[in-house]
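Below you'll find only one chain, the form predicted alone, shown as structure tokens.
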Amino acid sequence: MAMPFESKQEMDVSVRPMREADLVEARRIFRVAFGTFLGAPDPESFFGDREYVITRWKANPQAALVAEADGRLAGSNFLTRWGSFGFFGPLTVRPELWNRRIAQRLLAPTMDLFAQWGVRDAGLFTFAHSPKHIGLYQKFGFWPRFLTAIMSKGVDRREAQAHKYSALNEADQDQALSACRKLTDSIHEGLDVTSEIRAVKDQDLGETVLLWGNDSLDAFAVCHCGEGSEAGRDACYIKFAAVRPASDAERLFDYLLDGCEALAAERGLRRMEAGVNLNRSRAYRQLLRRRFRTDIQGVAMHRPDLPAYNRPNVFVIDDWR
């Protein structure tokens, strides 16, 4: 999720890794930037019950950048590495500094970090209706491909046979991480979201739901739950979910979603939220059948201009915000 601002006028801007002392101001800028862009009546309180900045910094402080201008924080960007795949955002800049090339200054070291990590495919989620956003990212080799729907529904009580990662002992957690890594690798070579599973557990952001078959992991979902996470108050946000490629993947996807809704109901949450790339057409249609409805749409931009794991028969939930 990003806020790009192409400019005509240069500033003396420096970029460095984010420090803990930057977090409060970086979070304020994040809220004000998105609130201003989207026309919120009180930008300072926008996303007030959701947390993106502190949680992502804690997950990987080396993957967060800030820009300084005239001795003050001007903006920030967060990178996420999922093995061979990476994405960035939220990228935000103080509104009074829009159109001063600060976003471009943040993006150059972002690309350097992707290169250092050996990321093979990279992406981002941005506003589909903004030529300014899309034009900026094209300068860095990203190309718009497919719409991404951010969807939601009310929580229904479900029966589920899924297991919880947090309930496992240490040895079984290690086994589960290995199984999750193997499953995502079967979808897209090198894809690895175990850092998300660890972050949710270590920061108490929610739960990872595991659906085991007879001798392997069939599916899993990383869920953020409630205020202080990316879900926000009274919500369960499926940050990432995946089903192993199989002839019965659609059935397993339903069971996995049952497990996520059961988790939400158990925690007294009232709203489910999930993002899905519309080129994952079977997963999207199944969410519609389960009464998910689209709240907002963005566009996924890719570098290189290839679909990565956004394919019709892939049952994956994520949205790269």
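The model shown is predicted, which means the values in this text are computed figures rather than measured ones. The first residue of the sequence shown is number 1, and the count goes up from there.
What follows is about the form predicted in complex with a small molecule, which we do not show.
- Proximity to the small molecule in the model of the complex, defined as a heavy atom within 4.5 Å, holds among 260, 33, 53, 65 only for 33.
- Shown without its partner, this chain lists 137, 78, 240, 85 as candidates; in the model of the complex, only 137 has a non-hydrogen atom within 4.5 angstroms of the small molecule.
- Residue contact with the small molecule in the model of the complex: residue 93 places a heavy atom within 4.5 Å of it.
- Residue contact check for residue 255: none of its heavy atoms lie within 4.5 Å of the small molecule in the model of the complex.
- In the model of the complex, the small molecule lies farther than 4.5 Å from every heavy atom of residue 213.
- The closest heavy atom approach of residue 292 to the small molecule in the model of the complex falls outside 4.5 Å.
- Partner contacts here mean any heavy atom within 4.5 Å of the small molecule in the model of the complex, and among 102-110, 246-254, 191-199, 142-150 they occur only in 102-110.
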